[in-house]
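The chain below stands alone, shown as structure tokens; this is the form predicted alone.
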């Protein structure tokens, strides 16, 4: 076995610093959310309790935790559904060449290139010029789709580029209709990828700030509410909110991973 040299330890130290820089702020917020009733926003901690988590569910002088969370959750669910449906349709459509395919592809990917704040500003101005009040379920929905759809489309492109077309041909030779081929052959094989697209769509929308700030209207989503509260709330209740939203996101990721693993096991069992 090769001995660890100075370069090895230097790289290991660099990686450790990178991990600390990446997750240190989140860990700090989680720890400070367990401050005692007399605790503040900084160390040292004054006791250890669940006081600020309980306070989070009580009426607040400033902020609307419940309403903003419900709006963010509803918006993320809508974006997730539309991202899956549109990305799946785009993946199926681009399996064959058609007029304008290249231009449509680059137009979709442009959403990743244009600065997020400009997209939010442009959509907000467009709604105002049209005389339509911006809202989280209309203008913000469109802004979020410009962020989630490119990822979903790219994932589906990669999936269908590696798809074995002989499976479809075999099903057609056995007399299956196009819908039966899609329902019983294509869809089960790409289902784990669709779950991944759904997770991308939900998480990107749920946490999105810059594409929402100019397009959400008067009703804040949760990221906007948290940003607004940073100038008013001076207690660890804000950290408690951050901890709960982080736990919610991690729980969703774990749930999706369990779902995908279950799909793969059932598919292997059926094939075996």
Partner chain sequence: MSTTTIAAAPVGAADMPGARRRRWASALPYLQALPLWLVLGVFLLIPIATIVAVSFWDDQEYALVPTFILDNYRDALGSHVTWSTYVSTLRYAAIVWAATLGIGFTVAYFLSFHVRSTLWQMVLFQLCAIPFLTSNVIRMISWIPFLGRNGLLNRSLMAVGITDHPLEFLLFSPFAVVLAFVHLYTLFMVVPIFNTMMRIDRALVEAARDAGAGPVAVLRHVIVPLSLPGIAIGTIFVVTLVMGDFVTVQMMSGGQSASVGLMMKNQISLLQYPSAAAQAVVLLITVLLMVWAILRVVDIRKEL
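The term rigid core refers to the maximal set of C-alpha atoms that superpose within 1.5 Å between the two forms. Note that the coordinates shown come from a computational prediction; the quantities given were computed from them, not determined experimentally. Positions refer to the first chain, counted from 1.
Heads up, the form predicted in complex with the partner chain isn't pictured, but that's what we're talking about next.
4.5 angstroms heavy atom contact with the partner chain in the predicted bound form for residue 133
Result no; residue 133 lies far from the partner chain in the predicted bound form.
Is residue 26 part of the interface with the partner chain in the predicted bound form - any heavy atom within 4.5 Å?
Yes, contact at 4.5 Å.
The partner chain contact at residue 49 in the predicted bound form, heavy atom, 4.5 Å
No, residue 49 sits far enough from the partner chain in the predicted bound form that none of its heavy atoms falls within 4.5 Å.
Taking heavy atoms only, is residue 209 within 4.5 angstroms of the partner chain in the predicted bound form?
The answer is yes: residue 209 has a heavy atom within 4.5 Å of the partner chain.
Can you pick out, from 126, 170, 195, 74, the residue that has a heavy atom within 4.5 Å of the partner chain in the predicted bound form?
If I apply the 4.5 Å criterion carefully, the residue I get is 126.
Which residues in 108-122 have a heavy atom within 4.5 Å of the partner chain in the predicted bound form?
Read in sequence order, the residues that approach the partner chain (within 4.5 Å, in the predicted bound form) are 108, 110, 111, 112, 113, 114, 115, 117, 118, 119, 121, 122.
For residue 250, is the C-alpha shift between this form and the one not shown 2 Å or more after core superposition?
No: residue 250 shifts by under 2 Å between this form and the one not shown.
I want to check residue 261: does it shift between this form and the one not shown by 2 Å or more at the Cα, with the core superposed?
It does not reach a 2 Å shift.
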